[in-house]
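As a starting point, one isolated chain is supplied in structure tokens, in the form predicted alone.
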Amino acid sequence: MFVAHTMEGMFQARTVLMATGVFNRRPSMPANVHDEALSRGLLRYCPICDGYEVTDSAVAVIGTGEHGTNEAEFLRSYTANVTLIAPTGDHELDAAQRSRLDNGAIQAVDGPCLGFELLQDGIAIATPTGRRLFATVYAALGSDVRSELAAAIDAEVSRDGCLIVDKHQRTSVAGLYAAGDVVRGLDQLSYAMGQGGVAAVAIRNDLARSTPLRR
């Protein structure tokens, strides 16, 4: 039996489906600027979801290292105008990553990002080497998996904090299931919904096996 205490009271359940997701790390910008940029599509987090919307546009990726390089390369399949901007200072790129960026004609610009200006048809980013204009910017700063609740009851997690599940979305704790980005950060609604469906069937079947039929 699971017991959850909230501000609205106490809840009990024989099973729990954990779908707490991840928290995307934000660029260093005021909250009001962030929210407006996000609502207008000037700031984005998931090129897998909406990269096609920036086809042939000038796109900035805020990030560095392997994660930033991967995201810049992914967006390069939609547009030839991609710039990778380091978030806080000089880029942390090894020789292989710089070679990949060069091969993709992706410009690497050292940071930090000194400021953001939302324009009528784009976003301007101030860097130590000047002000640059883009149609949109993607944040490639990683994310934090929200698996703390499950880990607190000794559910097994991967090195990056994701909950480890079997093919039926069962965690290592009996009665606890998980779906979505808390399991694997693919950032895809359809993928998360599919996992939720698998978990729902497993929960129903597991409960049926443990509950005597009424006569």
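Keep in mind that what you see is a predicted model, and the values were worked out from it rather than measured. One rule holds for the numbers: they count along the sequence shown, beginning at 1.
Omitted here: the form predicted in complex with a small molecule. The next part is about that form.
In short, of 61 to 69, 25 to 33, 159 to 167, 186 to 194 it is 186 to 194 that has heavy atoms within 4.5 Å of the small molecule in the predicted bound form. Heavy atoms of no residue among Arg76, Gly104 and Leu133 are located within 4.5 Å of the small molecule in the predicted bound form. In the predicted bound form, Ala202 stays away from the small molecule, with no heavy atom inside 4.5 Å.
Among residues of the shown chain, Val198 is not one whose heavy atoms approach the small molecule to within 4.5 Å in the predicted bound form. Although the partner is absent from this view, Val54 stays clear of the small molecule in the predicted bound form, with no non-hydrogen atom inside 4.5 angstroms. Taking non-hydrogen atoms only, Ala179 approaches the small molecule to within 4.5 angstroms in the predicted bound form.
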